[in-house]
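Next up is one chain by itself, shown in structure tokens, the form predicted on its own.
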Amino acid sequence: MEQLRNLPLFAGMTDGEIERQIEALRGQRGRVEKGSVLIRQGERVDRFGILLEGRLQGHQVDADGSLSVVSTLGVGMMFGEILIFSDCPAPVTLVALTDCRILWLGPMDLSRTHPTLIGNLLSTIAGEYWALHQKIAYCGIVSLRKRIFAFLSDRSVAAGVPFTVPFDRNGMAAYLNADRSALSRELSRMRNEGILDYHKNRFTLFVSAL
């Protein structure tokens, strides 16, 4: 319950309200093994999940048959919550990168759903919409260097102050629609030029503009 209480979906709700909502939404807790497929690209989805433990990865098969990583999910993140309100099929395949614990919820019955939970869900979906809008804006920048800098500067508090990004290098490349090797080379050049420094997913920008 302590873990559920801290999830954005249940923010502002009492323990009793959370328990009743899980029951109303036919909540099921389950474990999945590393490598398991939770959602397949092209499938219809009638329930959504919350990752309680482990890591998930979403990938997409492109028109030419190549595989592209489009997202990486960590503890507390939801998946499938937009699809339950749509007749559209899943755009990605979701795979467990590690052994995971999942809380499954749904199908969604709004008449039995607490108003606070509905508000939290809409807030989450709005945040994801904004994140998609940002991603499209980054990918519209032709220069890879400027694309990287725009992405990092939006997350930097101030020049010289370290910060983290929610991606490993593969995830960052997928998010910025960049080749992974080209991304690494450009980051290395930017570090050599004193523009930034980094270690894994922790970055420091030393300039405020290119």
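Because the structure is a prediction, the values reported are computed rather than measured. One rule holds for the numbers: they count along the sequence shown, beginning at 1. Rigid core here is just the name for the largest C-alpha set that superposes within 1.5 Å across the two forms.
Quick note: we don't show the form predicted together with the DNA, though the next part is all about it.
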Heavy atoms, 4.5 Å, the DNA in the predicted bound form: which of 139 to 147, 153 to 161, 36 to 44, 22 to 30 makes the cut? Say which one.
139 to 147
In the predicted bound form, do Thr72, Met77 and Arg101 all put a heavy atom within 4.5 Å of the DNA?
no
Quick one: is Ser66 in contact with the DNA in the predicted bound form, heavy atoms, 4.5 Å cut-off?
no
So in the predicted bound form, does any heavy atom of Ser188 sit within 4.5 Å of the DNA?
yes
Taking heavy atoms only, is Ala178 within 4.5 angstroms of the DNA in the predicted bound form?
yes
Please run the contact check for His59 against the DNA in the predicted bound form: heavy atoms, 4.5 angstroms, yes or no?
no
Superposing on the rigid core, does the Cα of Asn170 end up 2 Å or more away between the shown form and the other one?
yes
With both forms fit on the core, has Asp179 moved 2 Å or more by CA between the shown form and the other one?
yes
